[in-house]
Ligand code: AHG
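Only one chain is given next, in structure tokens, and it is the form predicted on its own.
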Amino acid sequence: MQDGRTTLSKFLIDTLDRQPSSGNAAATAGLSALLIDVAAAIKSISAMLTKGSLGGNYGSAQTINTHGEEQKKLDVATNEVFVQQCEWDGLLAAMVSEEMEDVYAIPSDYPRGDYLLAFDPLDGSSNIDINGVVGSIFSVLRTPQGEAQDAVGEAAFLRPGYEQVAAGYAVYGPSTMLVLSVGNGTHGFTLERDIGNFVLTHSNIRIPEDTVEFAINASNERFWEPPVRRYVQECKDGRTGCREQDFNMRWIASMVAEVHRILMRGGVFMYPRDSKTPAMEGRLRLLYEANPMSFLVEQAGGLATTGRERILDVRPHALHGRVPVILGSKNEVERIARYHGEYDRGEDKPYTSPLFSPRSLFLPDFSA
């Protein structure tokens, strides 16, 4: 999958800044520079994480974020890295983040640009203290036409995900990777630490349409809707069930890590609607988690749905609004969406494990 020595800068210049004179270059003016700034923030965070507990950033920050969650020191520190790296360049009008309650308008000391940045600075922060995989997620929108750059508010961000002009994530694992799409496929860049460049190593990633892996937090099973229970039970039944093949279950508690595995080898990631907290439509935030990841997955040939609607078509109603998320290999996501449709129409049949069928070990066949 190596692609020579194409750096991120060269890739963005070739992709965005050297377009034919069809007006597309004007539409993406400044986007490559903004993405370079985002990459610089990711490099800084990677260096911070590499120090581990030696950097003094482990443990609780003794603060609560807008979602009522305890913040880690690294949640606060990585958020500040993104803000400081991207606020000064004259390319952004405003930012939103998981760690900030309101829109962060670019200070008047700096010039303001035509883009909006939404980000989760440290996804999977519960893994920090065990030295587990974490990541960063980001999404880029253009400011709405006619919107004054000095008056950008919440409404400017409340647009469906198909309007994104770029999206990506960083995964901080044994190596640091930046996975990015600007609407021309999904591409992976690996950080070469010696020289500080992101180098294209995974060009035009494609998610296999079929898979035998699924990722879900099984501890919530009692709260799932019937179509999700039906799908997971079929996978658990393996080759003795109706799917007639064995499946593997994975769960890392980091959306970045789950999606990265799916992009590399296929699979399905599910954080579905449940009844654990009835007031919540879902668990993952639409603007800076579900939308950018869905954009990347679709650009790689996969699908992303709430179970009932394409995620990129969902119109946000709040900065930190949540949605159910089911994404990954095309054929499996289509199956799960079909199960939701059958359930909503009352067409699904109650699921029965093969062990309890008429000819099972537990029930004799009285039909003879």
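Each residue number is its position in the shown sequence, starting from 1. Every value quoted in this text rests on a predicted model; they were computed, and no experiment measured them.
The form predicted in complex with this ligand is left out here; the points below concern that form.
- Contact with this ligand in the predicted complex holds for all three of 123, 253 and 285, each having a heavy atom within 4.5 Å.
- In summary, among the residues 245, 184, 217, 248, the only one with a non-hydrogen atom within 4.5 Å of this ligand in the predicted complex is 217.
- Comment: this ligand is not present in this chain, but in the predicted complex one of 157, 198, 295, 271 has a heavy atom within 4.5 Å of it, namely 271.
- Look at 231-239, 102-110, 172-180, 253-261: in the predicted complex, residues with non-hydrogen atoms within 4.5 angstroms of this ligand sit in 253-261.
- Looking at residue 98, you'd find a heavy atom of it within 4.5 angstroms of this ligand in the predicted complex.
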